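Below, in structure tokens: the form predicted alone, a single chain.
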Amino acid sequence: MTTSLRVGIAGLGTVGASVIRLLERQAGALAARTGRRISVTGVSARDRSRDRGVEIGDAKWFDDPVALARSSDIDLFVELVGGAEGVAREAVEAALSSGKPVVTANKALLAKHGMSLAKLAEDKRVALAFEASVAGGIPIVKTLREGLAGNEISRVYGILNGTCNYILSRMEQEGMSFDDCLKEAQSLGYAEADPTFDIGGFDTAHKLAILTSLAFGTAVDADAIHVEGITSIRLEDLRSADELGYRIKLLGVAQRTADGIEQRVHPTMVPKSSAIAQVMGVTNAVTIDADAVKELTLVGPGAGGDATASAVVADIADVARGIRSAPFGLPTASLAAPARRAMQRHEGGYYIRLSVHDRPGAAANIAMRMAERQISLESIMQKGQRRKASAGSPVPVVLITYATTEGTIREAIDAAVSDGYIAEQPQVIRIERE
């Protein structure tokens, strides 16, 4: 057996502690598979006194993650601190500059600085591995980068945030309001005290930026992603989706079009018959459309200590074996600047929920505004029944359109709002048909 691989871990939260336990539990198997003994020889975290439920043995403690990254006591640096800036970025850059491979679960760091870090890793001829940065325990990075190297990918999309999927699942199954589901998710530890990053769609966007680069051979371009969260979803939307044969999921979608790469994060109606519609709770799923394999869906735990640690340890094992891939599948110099496709040009079907003043001419006006822009309606549903006592009060109306563009839909709705027939902000949800 060759020399051991000495690992330094910065960040001993849930994932970091799970990585130490998994390396200890699988020590024999990992040594047999990689030909090297893997040992943790350095650690860094904010609080030395905290009981994390793991023993660090003879590992040297570093108060400064950057000092750990530069230390001659380690051969591999594992960054589990998080955040796009600060010590996480400084430590990763220090490790790579020192000629040490890096394993990270930090999607925010990669979405913002992935290209410069990948270039630094290439210059130093060391690995930058990040399987745990997207979809937890699902091996989606290796699938796109290595497993599907012989395929041309046309679309990659998925449920990339367990918090949002849990909330939407509970709303649908239990008839709970968004606010009640969010409070429940927070009490169970599925959502942070400040959940904005998750429910606003930004966590999904960071992950999608990484997947887009891997799928299409483009530079990471997080600024090109159209982002909407789930805060506007109401129970009536989920009930309408159910009646129409759909479920609502927060999806991250990247697809190749004739005039560029389209990247978007937003609530989406997906057919109940689709594989991704069956994914409930905190589970993640990613579907890949490609020419050779056609459609491939990977489903698994998207977060949690053990699931994320599994992906981290897989990358550690690759380093131990001496495997070093171009971080984003191609050398950074070969990654194309992505041709951005404006969201206004997105084509598809749409679900539109309107609160319409119940007075003569309202329905005709809305239909006229749609027809003016050649928007064909698949169905119109008036939700609920009018009561005599409330004549003239707003009535919920649901429209389902055939394929049209985002820009056209927005123009028609804005015109109808200006005409004074619509009482509240309209709800627009895109439909992904199989």
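For every residue, the number given is its place in the sequence shown, counted from 1. Definition used throughout: the rigid core is the maximal C-alpha set that superposes within 1.5 Å between two forms. The model shown is predicted, which means the values in this text are computed figures rather than measured ones.
Here the subject shifts to the form predicted in complex with a small molecule, a form of this protein not shown in this document.
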task = Taking 4.5 Å between heavy atoms as the contact cutoff, choose which of Phe216, Phe202, Tyr190, Phe178 touches the small molecule in the model of the complex.
result = Tyr190
message = Please identify the residue among Ala303, Ile276, Ala108, Leu296 with any heavy atom within 4.5 Å of the small molecule in the model of the complex.
response = Ala303
query = Among 238-246, 344-352, 219-227, 154-162, which stretch has residues with heavy atoms no more than 4.5 Å from the small molecule in the model of the complex?
reply = 154-162
key: Asp198, heavy atom within 4.5 angstroms of the small molecule in the model of the complex   = yes
message = Within 4.5 Å, heavy atoms only: does Lys100 come near the small molecule in the model of the complex?
response = no
request  = Give a yes or no for His206: in the model of the complex, does one of its heavy atoms lie within 4.5 Å of a heavy atom belonging to the small molecule?
outcome  = no
inquiry  = Is the shift of Leu182 between the shown form and the other one large enough to count as movement, that is, does its C-alpha move by 2 Å or more after the core is superposed?
reply    = yes
